[in-house]
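First, one chain by itself in structure tokens, the form predicted alone.
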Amino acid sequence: MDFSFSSDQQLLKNSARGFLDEHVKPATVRLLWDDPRGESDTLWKEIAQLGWLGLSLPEAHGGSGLGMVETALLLEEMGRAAYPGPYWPTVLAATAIELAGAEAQKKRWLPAVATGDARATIAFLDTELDWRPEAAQTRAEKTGKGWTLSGRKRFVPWAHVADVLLVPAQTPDGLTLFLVDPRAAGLALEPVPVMDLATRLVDVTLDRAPVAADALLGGPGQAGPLLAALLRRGAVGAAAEMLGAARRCLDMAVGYAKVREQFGQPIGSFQAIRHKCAEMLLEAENSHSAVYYAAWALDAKAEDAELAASVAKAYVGDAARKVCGEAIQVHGGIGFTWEYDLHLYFKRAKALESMYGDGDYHREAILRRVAA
């Protein structure tokens, strides 16, 4: 059985590594911390020209028609670089439009995403911070011209730069997904302080925010299964990013252990450090297997795709935190400093640990699956 990547997949991975190493250096990430938007429009246009934004979109709408495995390869490299920008939220929202949108909605948004002319995000969480789709508390009321939305959405990634928000809300028919203009009246955005300064989260308050009648994504009351599928996909993408961050920290720890000397010899010659690095490698390799099996399962619509996604998110969340934390321990005091780059990747992994369902959420999902 061959588990290796195809030549095209390896080429994608290598080209992404080369581009990000050149254009998303740690200094670039740090520079964007103080930017009000937190991202570079120039960089966004460049990744659009590389085809990354349309990687998984249909060719009919300007994409490449590739799958979750290729997307995971790209996200792993982005995690390795601590890429600052709304790539994954935008691609995930575009996937929702592809799966459930009317033809006019697809024509409006999918080519714009593929060319870098539009950014998007999904507002999964309400005030209860429950990732289950049915837990949404935001309400939608029918009006003569369309709908009004009222509620509060928490920790929406990159909402402040989005051209469209995908907002789930309860209607008389059940949970419904709406395309919402972030500049609509009655809508307020409030930045949220976060651990990872290269990521931006926003609280969105809707106070009878008007939404047009044709802004429904899919039919009324049909958003639950779609959001569950998007959450699984989001979890696998986040796991791929965490894997990239863990790989970067492992590489930095091994490199440091080879050159840092104590008692006249490299610290990598000490058994305690060697064993620590070996355990880090073990966690990274296990994470690799979990991520890419889950990505394949989503592409293949395998029977265990839901289970695989939860396994990947739960396992990699723990493993990436451990690997990045141990890398700091290998570095000793310097690993804790603001000037050293390790914390960029540790914080990326830690921030993603809770996104698209934390470990507890996905372990409960695993339990429900295996105990059914």
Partner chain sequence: MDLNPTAEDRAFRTEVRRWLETNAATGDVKTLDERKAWHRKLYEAGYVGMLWPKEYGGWGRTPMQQAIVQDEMARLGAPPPINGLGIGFIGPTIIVHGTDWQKQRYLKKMLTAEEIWCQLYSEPNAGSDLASLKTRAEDQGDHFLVNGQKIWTSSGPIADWGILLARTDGKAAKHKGISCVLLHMRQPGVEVRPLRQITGSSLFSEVFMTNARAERRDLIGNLNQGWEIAQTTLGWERGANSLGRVTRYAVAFNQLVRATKELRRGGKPLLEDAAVRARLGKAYAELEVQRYAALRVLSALQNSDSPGAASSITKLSYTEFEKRYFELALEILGPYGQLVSAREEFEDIDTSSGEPGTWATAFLWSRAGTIYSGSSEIQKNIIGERVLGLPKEVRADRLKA
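Numbering follows the first chain given and starts at 1. These numbers were taken from a predicted model, which means no experiment stands behind them.
The same protein has a further form, the form predicted together with its partner chain, not shown here; the description that follows concerns it.
Checking 115, 289, 127, 262 against its partner chain in the predicted complex, a heavy atom within 4.5 Å turns up for just one residue: 289. Among 279, 214, 190, 134, the residue placing a heavy atom within 4.5 Å of its partner chain in the predicted complex is 279. Shown alone, this chain has one stretch from 201 to 209, 143 to 151, 267 to 275, 222 to 230 that lies within 4.5 Å of its partner chain in the predicted complex by heavy atoms: 267 to 275. The candidate spot formed by 4, 254 and 315 is fully in contact with its partner chain in the predicted complex: every one of the three has a heavy atom within 4.5 Å. Interface membership of residue 41, defined by any non-hydrogen atom within 4.5 Å of its partner chain in the predicted complex, is ruled out. Although the partner is absent here, residue 304 lies within 4.5 Å of its partner chain in the predicted complex, judged by heavy atoms. Though the partner is left out of this view, residue 9 does reach within 4.5 Å of its partner chain in the predicted complex, counting heavy atoms only. When contacts are judged by a 4.5 Å heavy atom cut-off, residue 155 does not count as touching its partner chain in the predicted complex. Taking a 4.5 Å heavy atom cutoff to its partner chain in the predicted complex, none of the residues in 25 to 57 make contact.
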